[in-house]
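Have a look below at one chain only, the form predicted on its own, in structure tokens format.
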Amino acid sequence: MDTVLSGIRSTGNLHLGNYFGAVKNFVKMQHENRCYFFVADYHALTTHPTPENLHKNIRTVISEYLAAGLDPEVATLYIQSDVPEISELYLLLNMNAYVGELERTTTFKDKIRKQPENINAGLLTYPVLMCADIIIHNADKVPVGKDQEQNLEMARKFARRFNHMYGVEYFKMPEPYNFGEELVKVPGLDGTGKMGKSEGNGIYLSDEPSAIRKKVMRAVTDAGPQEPNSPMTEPIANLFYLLDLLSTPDTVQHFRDSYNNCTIRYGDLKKQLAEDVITFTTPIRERINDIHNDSEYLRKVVKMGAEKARESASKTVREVREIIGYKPF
């Protein structure tokens, strides 16, 4: 059984792209592997969130992942800052990470362009903390997007460097895991690209029906097919992709037929799509709200997650300290 680790951004809401992409795979994966999922709240400090926003975002993220199907009795779901061993391993790894190689990482260059007034040390050493997150549980696989592939390679480098410096084969080399053919890339409502928070083109699992209707009705379309069986433009193909995910087969066929014979009314299509999105998201939204308001349950989940994560993490840090030379008298 492989150990799989994945970080969860602590800056909020899941949209349909997240759900049909990574989250559904996480839900399945938790029953097939030894899984650790953590809320990366230390990483969030590189952008200096307010205390109120930091706590609110963590609570929201945990509520949404639980509502989407993560089972804290099966997988280990924890908050990064609840596991102090991560900070210690981060410090130890920083001693063998060099400024030049950190300054050359793509994510650091991107961040300093985006926030030139806040170029902090945490941004520079982000790959080291990410490495500590991964190797603290000696993970075999790490689901990563394109933007994090270099940081995973850095984690492999730091793990390999530790093994070489101390003449051990202690840390595994974590492999990237992209879910293969199972990863669904949900398009956004703006007519191009995939659904994403930064693009502002997403439908969130926590959206109220009125918000969903408003978003879907504003989705980009075109002038309509000019002749029977015309190829679809990207915005229309995107809407049909969403229909395929969320609507019944006969509904999808109805609109495909009307598109192919040039009688389609995009307003009708979007109204139907909006209602099908609402039907799909309403049970999840209701679970999110129930969990979010259940402070006792959330306390139980994060406490259990911290205990399970620390059991693994403390073993790693204890053994790493001994390898380095910090031994008890």
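In this text, residue numbers run from 1 along the sequence as written. For clarity, every value in this text was computed on a predicted model and none was experimentally measured.
This next part talks about the form predicted in complex with a small molecule, which is not shown.
Although the small molecule is omitted here, in the predicted bound form none of P84, G305 and R310 has a heavy atom within 4.5 Å of it. At a distance threshold of 4.5 angstroms between non-hydrogen atoms, V186 is in contact with the small molecule in the predicted bound form. In the predicted bound form, the small molecule lies within 4.5 Å of some heavy atom of K197. Although the partner is absent here, P116 is not a contact residue: none of its heavy atoms lies within 4.5 angstroms of the small molecule in the predicted bound form. Of the heavy atoms in G145, some are within 4.5 Å of the small molecule in the predicted bound form. With the small molecule left out of view, the stretch that reaches within 4.5 Å of it through heavy atoms in the predicted bound form is, among 188-196, 91-99, 255-263, 216-224, 188-196.
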